[in-house]
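One chain is shown next in structure tokens, namely the form predicted alone.
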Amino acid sequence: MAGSEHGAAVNRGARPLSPHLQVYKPQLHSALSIFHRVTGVGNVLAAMLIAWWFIAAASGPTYFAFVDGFLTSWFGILLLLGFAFSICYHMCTGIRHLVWDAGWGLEKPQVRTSGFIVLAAAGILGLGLVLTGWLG
């Protein structure tokens, strides 16, 4: 047993313990995967922001005016616009993963094409969502 521990310790310095960003060249699918995770966290934070707005509405007119003033400020509107695109992107990449889970589209050219389709669809859906909200 001591010999196997020694062998592992000798080999440990010669190679990385796991693949990481310094080893791999960034590619479209890796960037989309990282951004999927980032938008997932952003969507949770945005949902908390919207819940804050509902809680403020139930708390009374003074607190609601404060929260509503924040959300309708230029910064609040920027956050909500980002949320609109984030949720559309996250949904499109989620559908892409469901297709992959079914065993379809796993070849390299198909992965690349579906990545561009996800970007285009998320952009179109996000723009549609923003315009629908903007124009009523």
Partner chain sequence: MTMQTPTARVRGLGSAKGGTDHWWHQRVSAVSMAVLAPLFLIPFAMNLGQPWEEVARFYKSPVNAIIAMLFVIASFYHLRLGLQVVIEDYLHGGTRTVLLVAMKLLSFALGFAAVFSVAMLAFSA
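Just so we're on the same page, rigid core means the largest C-alpha set that superposes within 1.5 Å between forms. What you are looking at is a predicted structure, and each value in this text was computed from that prediction instead of being measured. Numbering follows the first chain given and starts at 1.
A second form of this protein, the form predicted together with its partner chain, is not displayed here; the remarks below concern that form.
Mapping the unseen interface onto this chain, residue 60 counts among the residues with a heavy atom inside 4.5 Å of its partner chain in the model of the complex. Using a 4.5 angstroms limit between non-hydrogen atoms, residue 66 is distant from its partner chain in the model of the complex. Its partner chain in the model of the complex is approached by residue 101, whose closest heavy atom lies within 4.5 angstroms of it. Looking at residue 110, you'd find every heavy atom of it more than 4.5 angstroms from its partner chain in the model of the complex.
Contacts to its partner chain in the model of the complex (heavy atom within 4.5 Å) from stretch 53 to 87: 53, 54, 55, 57, 58, 60, 61, 64, 68, 71, 72, 80, 87.
Put the two forms on the same core and the Cα of residue 104 is off by less than 2 Å between the shown form and the other one. With the core held fixed between the shown form and the other one, residue 91 has its Cα displaced by under 2 Å.
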